[in-house]
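Taking the form predicted alone, here's one chain by itself in structure tokens.
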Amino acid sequence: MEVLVRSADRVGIERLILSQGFSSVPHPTPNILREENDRVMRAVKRFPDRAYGSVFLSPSFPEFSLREFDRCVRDGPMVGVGELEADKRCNSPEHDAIVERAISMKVPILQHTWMKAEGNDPGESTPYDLVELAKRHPEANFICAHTGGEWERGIRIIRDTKNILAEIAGFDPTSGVVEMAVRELGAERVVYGSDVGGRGFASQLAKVVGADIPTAAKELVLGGNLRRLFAPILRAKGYKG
């Protein structure tokens, strides 16, 4: 966290949203989920003015995940769900209980999505899967992490599902991605993400800072949309925006 905060300061980032701790395990067990959530909560406690926490859950363990949501969000400091990246695609029925719990506290859900040329890993979600889930839960707010990686398709896939926002982290800073997302979705449905740890802050900021879009749209993408999305849970917990 000390390194992340120093790096964030260099590029003007005010707040980090942390999830998954150190985990890169493709099949997290309840013990791993709990351990990584504890790591995130320790980091948030150490840097309360710079970081928010987002709970790491798995639809493979729905009952455990509900208890962990209550421990970390309802009764703890966390303000979001995700990035969800586990054994089951997000359109599985086991996801429904997690989404309903998030709706009950107006908590946004960050869902990992990808579309690999050689085929996704078992249980890895695509934007198509997220659209299916979001249509079952129109009251939920979803963030489509990486917009599927293949962003030209991903943007079009989620375009008509208004409760999904596109997140632009995790793939190369190709010119045109933010312009297309803003044109097709509206600036209010596009959010900056760094995927830091796997990517650097600067390369992902370049997608927005270098985009040929109005300054007001850049302000929404870089922070305004996330402030709006997280406002209900931040107010409920008495946090500053």
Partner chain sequence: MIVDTNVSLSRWPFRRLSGDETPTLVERLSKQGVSQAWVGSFDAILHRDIGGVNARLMDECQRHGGDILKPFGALNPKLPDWQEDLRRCVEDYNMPGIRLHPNYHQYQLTDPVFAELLHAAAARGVIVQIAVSMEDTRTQHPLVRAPPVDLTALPQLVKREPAAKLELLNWWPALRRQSLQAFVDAGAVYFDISTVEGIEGTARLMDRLPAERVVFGSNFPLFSFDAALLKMQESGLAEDRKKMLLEGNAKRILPGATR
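Residue numbers count along the first chain shown, from 1. Every value quoted in this text rests on a predicted model; they were computed, and no experiment measured them.
One more form of this protein exists, namely the form predicted together with the partner chain; it is left out here, but the text below deals with it.
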Interface check vs the partner chain in the predicted complex: of E132, E152, D87, E100, the one with a heavy atom inside 4.5 Å is E152
Assert contact_stretch over 69 to 77, 159 to 167, 108 to 116, 90 to 98 against the partner chain in the predicted complex, heavy atom within 4.5 Å, equals 108 to 116
Can all three of S7, D172 and D212 be found with a heavy atom no more than 4.5 Å from the partner chain in the predicted complex?
yes
Contact of Y52 with the partner chain in the predicted complex (heavy atom, 4.5 Å): no
Might S203 be said to contact the partner chain in the predicted complex, defining contact as any heavy atom within 4.5 Å?
yes
Close approach of V25 to the partner chain in the predicted complex, 4.5 Å, heavy atom = no
Quick one: is R183 in contact with the partner chain in the predicted complex, heavy atoms, 4.5 Å cut-off?
no
Checked 183 to 200 against the partner chain in the predicted complex; residues with a heavy atom within 4.5 Å, sequence order, are V196, G197, G198, R199, G200
